[in-house]
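Two forms of a single protein chain come next, each set out by itself as structure tokens; they are called structure 1 and structure 2.
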Structure 1
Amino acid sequence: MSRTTFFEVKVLDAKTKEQLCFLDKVEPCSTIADIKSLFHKSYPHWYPARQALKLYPKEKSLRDDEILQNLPVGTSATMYFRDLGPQLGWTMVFLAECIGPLLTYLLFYFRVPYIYSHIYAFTSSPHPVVKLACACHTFHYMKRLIETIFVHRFSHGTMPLRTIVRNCAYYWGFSAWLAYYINHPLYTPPSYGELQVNYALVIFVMCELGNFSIHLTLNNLRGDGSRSRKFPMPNKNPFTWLFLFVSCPNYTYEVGAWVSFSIMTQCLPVALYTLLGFIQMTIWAKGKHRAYSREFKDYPSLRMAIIPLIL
């Protein structure tokens, strides 16, 4: 008969230092996640995703998979708790960010009353490019929704509510602003006419297909169950050959799709949105590229972060 020494865990508030919870008879092999569930029982409104537990008030939070007995504490552990605020899972975040632009654009496309002058309510634009632009925009966000639900596998769980509100305001606001101009009764079609629209459409479709292929490829990286970490490589799909030149071709294709959409609609707000998106995605791509280069010694040196040979 083995006697396991149980641990005691005292949870204090990181700011006020008052004791919030005392857990005794904790298994030594429990993880931080288990402790968070136990804490959640005493404080039902602080679900595990919004708890941050640390060994010292100013330190970084402990990861959920850390095991209690491996931590530098005796059998009686003191932890400090911080409330991270309401959290939302990544799937919900992406859904919220995509549904908005999808629906707001359609409101403008169908010229719902009170947006434009009342004589234009529920009319449609005579320009074929406007219909095409609506189709492309809707396709883009539908594709994103489907990928969020069926393709993407998100690693760590959640995002704070305030960030989500800010992101949604940005996406929803911008799509409303650009939809306003594209579907406006006084919209001016592109200067080079059908030629400009068709070329832009072809590039848009190719970029969307490319972006989708990359997402599938990245998904399969994790899918085969092997524990070894590897970086993405080009495969038989021609769209993935961009991996030879770039670490994050999904961002490259995304920028390409938006550039072609700006050319298709010849609308300055769309170009501005593309520019801001490009800046943000470059920051993300550079971070990813640096992480890859640091982790893998044999990482191909030809690859740049987001634009082949340049950036």
Structure 2
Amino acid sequence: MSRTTFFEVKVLDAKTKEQLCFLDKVEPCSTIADIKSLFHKSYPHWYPARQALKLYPKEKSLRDDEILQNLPVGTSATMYFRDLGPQLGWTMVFLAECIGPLLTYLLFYFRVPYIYSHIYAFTSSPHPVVKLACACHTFHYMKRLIETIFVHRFSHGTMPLRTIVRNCAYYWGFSAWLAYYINHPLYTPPSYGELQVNYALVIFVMCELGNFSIHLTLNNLRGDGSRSRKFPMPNKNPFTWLFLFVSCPNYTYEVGAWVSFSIMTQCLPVALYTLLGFIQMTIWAKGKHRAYSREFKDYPSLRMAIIPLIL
């Protein structure tokens, strides 16, 4: 009968190299999540979500599902700890990021006092496109709220509180900026009138449906209960066929929705918001595309990151 070889884990501060904790008789099949839980017992204020453990101070953090005996360490392992700061769950993050823009926009749409001149308080715009823009904006963020509660599965459990504050400032601030101009009493409708608005509306609806379809597909990727990782593939839903050409069609549809909203409103702040969003989503999409390509040897070579055949 073979004896179990236990591990010893020494945890040092990544900055000062001071020893924070020494864990004795750690099971070889323990995961990084298990080690974080043991560390938490010694330092209750550093709950697992706040912890980042690394094998070297400047390397990337170890994943929670990595197993101790599979790491390139001996039976006496040294890990470096970094405090990630206060954390908030991803569901709360998305709720905060979505509820803010939704309510902020409505404040400008209903022209509550002190936003515009007092003579315009609680008045409404005579332009149908303004009402349509409000409906589209509200629909977009209501869809995101519903997806956050019922659809999304988050691979990372939390986000640092300081990042949440920055993200909320970005989303809430831009929502207020574009809402100010779209609902302004001096706002002028698009140059090509109803034709421009109607075409943009069709594209907007198509992109929103496409975005929702992709999120459902990603959510169902492990719906069979399998723990094996798979890359997303198109199914019978035509909106998912974009997976044939890009790795992150959810971002493609998201950008398309905001481009159509920019055309619908013909508003410069919306166009700027769309451009900044496209740049950020391109960075995310490229990162995801590289990860897919590294992990799966049979990953389709035709796929690009976010724009078919181009980017």
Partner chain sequence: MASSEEDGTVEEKENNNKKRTKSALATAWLTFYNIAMTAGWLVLAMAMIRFYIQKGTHKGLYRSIARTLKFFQTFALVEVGHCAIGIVRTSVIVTGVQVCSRIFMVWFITNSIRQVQSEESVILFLVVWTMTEITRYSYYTFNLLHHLPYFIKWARYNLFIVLYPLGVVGELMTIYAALPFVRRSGMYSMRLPNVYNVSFDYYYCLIIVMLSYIPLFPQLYFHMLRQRRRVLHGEVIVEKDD
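Just so we're clear, the structure is a prediction, and the values are computed from it rather than from any experiment. Here the rigid core means the biggest group of C-alpha atoms that line up within 1.5 Å when the two forms are laid on top of each other. Residue numbering: structure 1 sequence, from 1.
Checklist line | Identity of the form predicted together with the partner chain, given as 1 or 2 | finding: If we ask which form is the one predicted together with the partner chain, the answer is structure 1.
Item checked: Lys286: Cα shift of 2 Å or greater between structures 1 and 2 (core-aligned) -> After core superposition, the C-alpha of Lys286 moves less than 2 Å between structures 1 and 2.
Check: Aligning on the rigid core, do we see the C-alpha of Phe261 shift 2 angstroms or more between structures 1 and 2?
Finding: False for Phe261: its C-alpha shift is below 2 Å.
Margin query: Given a superposition on the rigid core, I'd like a yes or no on whether Glu18 shifts its C-alpha by 2 Å or more between structures 1 and 2.
Written below: It does shift by 2 Å or more.
Checklist line | between structures 1 and 2, how far the Cα of Tyr43 shifts once the core is aligned, in Å | finding: For Tyr43, the alpha-carbon shift amounts to 5.8 Å.
Item checked: Rigid core superposed, the C-alpha shift at Pro28 between structures 1 and 2 in Å -> Comparing the two forms, Pro28 shifts 8.0 Å at C-alpha.
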